[in-house]
Ligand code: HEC
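One chain follows as structure tokens, the form predicted on its own.
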Amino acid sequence: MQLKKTMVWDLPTRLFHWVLVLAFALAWATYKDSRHLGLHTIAGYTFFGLLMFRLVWGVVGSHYARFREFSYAPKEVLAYLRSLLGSGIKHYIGHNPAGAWAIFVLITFGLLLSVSGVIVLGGEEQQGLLAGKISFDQSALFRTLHELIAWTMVGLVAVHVTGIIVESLLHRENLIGSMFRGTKWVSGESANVTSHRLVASVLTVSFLTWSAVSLNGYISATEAQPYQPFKGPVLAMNELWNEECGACHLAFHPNLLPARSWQRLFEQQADHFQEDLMLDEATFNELTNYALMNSAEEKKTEAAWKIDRTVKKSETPLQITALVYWKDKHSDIADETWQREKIQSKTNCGACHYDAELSTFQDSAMRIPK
């Protein structure tokens, strides 16, 4: 039977597919390094938005893009998989039963990944759509879930790609190429599919506009004015605290140590790291009260929350750099890096953290100077 070149995948479907691939790849490439949380979030929102578009397009899109056209029953999927081992493999113009189920599973897990990501961002980072609505403690479970779903997605993508390669070899057609071109060589009758260029144009303009707005801060950033994608909470400040502590070093905010640590430090003010603070009673009382009311237990920032979680109740650390959390966050920094001219000390937080003076220590507000 003679084959004819036929449009199968409309332009919006193809744009959705490949931009979704890029968004997931960027999100995966940036998830380990919290310094790139801003880019990870942009990729995540892009991924989420594309999935929402696909849900709509699965109802109103062209023939082979509609969900009802590839909603196969379980027995059809099993029959197709069994046929792969024999010689009677049925050819499908659109998605085959196994590929169709892979699409539904990927979309489902993609939505779960997106929603869990929004929840983690709102809770652990106190940013995004759910900022202030999710507590730090509530987000802990969702972070584990988010990572588990992400790894599951990677596995599903691997299975999906493998299936495409296998089917391409069995049917001797380039399925990956057809998702770029939109066409297949088909024998017999097929549904009429148009390119839907207007929808594709709207989708493209929306994506480019979103990208330009989202990435503008990174593009326009300079060394003198670095970009901070997220702003931390406004912490309670005390002028006397900043004056007394800032006379010798960065005035570390009380949220970086437990209350018992501050209590001990003030009790030992006569021997404050080999220095006598010589605080009068009024100053002592004001600083102590300020420290106790704004300590790590108050969980005003992500750093404070993690410090509170990781310091054992039996411990009373007196140095921030001795904290388990601090050591873990800085474990990949080589000794020679600390000796760089712009750093020179582990207590010189401002050398790397743009928001050190605000004591919010947002993950994405950190860059190690060259």
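In case it trips you up, residue 1 is the first one in the sequence shown, and so on. All figures in this text were calculated on a predicted structure; none of them were measured in a lab.
What comes next is about the form predicted in complex with this ligand, which does not appear here.
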| item | value |
| --- | --- |
| Partner-facing stretch of 102 to 110, 205 to 213, 74 to 82, 247 to 255, counted where any non-hydrogen atom is within 4.5 angstroms of this ligand in the model of the complex | 247 to 255 |
| Residue 338 within 4.5 Å of this ligand in the model of the complex, heavy atoms | yes |
| Touches this ligand in the model of the complex: residue 315 (any heavy atom, 4.5 Å) | no |
| In the model of the complex, residue 329 touching this ligand (heavy atom, 4.5 Å) | yes |
| Contact of residue 272 with this ligand in the model of the complex (heavy atom, 4.5 Å) | yes |
| Triple contact flag 14, 184 and 197 to this ligand in the model of the complex, non-hydrogen atom at 4.5 angstroms | no |
| 343, 42, 51, 311 - the one with a heavy atom within 4.5 Å of this ligand in the model of the complex | 343 |
| Residues in 32 to 46 close to this ligand in the model of the complex, defined by a heavy atom within 4.5 Å, in order | 33, 34, 35 |
